[in-house]
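Shown next as structure tokens: one chain only, the form predicted alone.
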């Protein structure tokens, strides 16, 4: 092995970019031992570009695959074809993919076809139901079958991998890189550009931040959630709901029917990562069906009510920072109201220990790669909550 290795990062969506950006920046700190190569698929175009600008990352390769009405078949085949050419040209020593997107699985499979080692960042998350979430659960399981190095964010993720007979020496518990990204992004003096956010009285109002986008929640489940929110905002004068509404027309239609025109409800367009992270920082409670928010909000001391029946991130549920509440209208209302009226219940969630990271995950991942390639003598330290 030469004294320098080529490490290729592959990602294509905003969540991947947020969590891979700290790794890209960390790779750049090792010019004597690492040649970094960044390949993006642009599975999400605009949202990906927002993150690249924020972290000042210029990709070496941009497949630019996004197309209107794209299907999972389209994404998978375009990523495979595009990365075939990139891998043939660059011949990296290892390819790093993140999490559970279609880019993740297709990127890992392309590397496997080139007999190139794969490092899986955020490895070991599981719900146990291959259709929840869809297609993410199978994307991460299949990527795990290919991966040579597994960067598990928590001990729970490590346990999942060990239960699947993944060799222990290939697993590194690193913490989650999303905490690294938050440390880079959240500022107490941050100023919002969005005119509607400028109108929010964060010091006087208790802001409930809401996000919904999961396929399994489309239709009546979402409608039930929004009706609970409507009841809450009519009951509490000091509560304001801020809702960055997903661009999916099916989501927008239901949101406007149930929440449009209500006082103390601000329906805004989706936010770039930087303002969204700072909005989380200023929110009082967060209601979401997102996976990433379940990791980010606990690091900011925010109670999270998850609008799902299962989660691949059980650590925060065990720690008490996150609670699964599903989408039943009565339950969404009751659980949110409890946090508004019961100070002790709120404090228990807000002050629980964040189980996801300490801002050092990217460092541990790079140290693990160097250790694997015999460019470092010591195995990296283990993240423990």
Ligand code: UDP
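Just so it is clear, the model here is predicted, and its values are computed rather than measured. Residue numbers count along the first chain shown, from 1. Think of the rigid core as the biggest set of C-alphas that the two forms share within 1.5 Å after superposition.
If you look for the form predicted together with the ligand, you will not find it shown, but the lines that follow are about it.
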(Q) Counting any non-hydrogen atom inside 4.5 Å, which residue from 179, 259, 118, 280 sits next to the ligand in the predicted complex? (A) 280
Q: Could you check which residue among 90, 155, 272, 194 gets a heavy atom within 4.5 Å of the ligand in the predicted complex?
A: 272
Q: Give a yes/no on whether residue 314 approaches the ligand to within 4.5 Å in the predicted complex, heavy atoms considered.
A: no
Q.
With the partner left out here, check for me: in the predicted complex, does some heavy atom of residue 202 sit within 4.5 Å of the ligand?
A. no
Q | the ligand contact at residue 127 in the predicted complex, heavy atom, 4.5 Å | A | no
Q: Give a yes/no on whether residue 15 approaches the ligand to within 4.5 Å in the predicted complex, heavy atoms considered.
A: yes
Q. Counting only heavy atoms and a 4.5 Å cutoff, which of 234-242, 78-86, 291-299, 156-164 contacts the ligand in the predicted complex?
A. 291-299
Q. Superposing on the rigid core, does the Cα of residue 71 end up 2 Å or more away between this form and the one not shown?
A. no
Q.
Aligned on the rigid core, do the two forms place the Cα of residue 132 2 Å or more apart, comparing between this form and the one not shown?
A. no
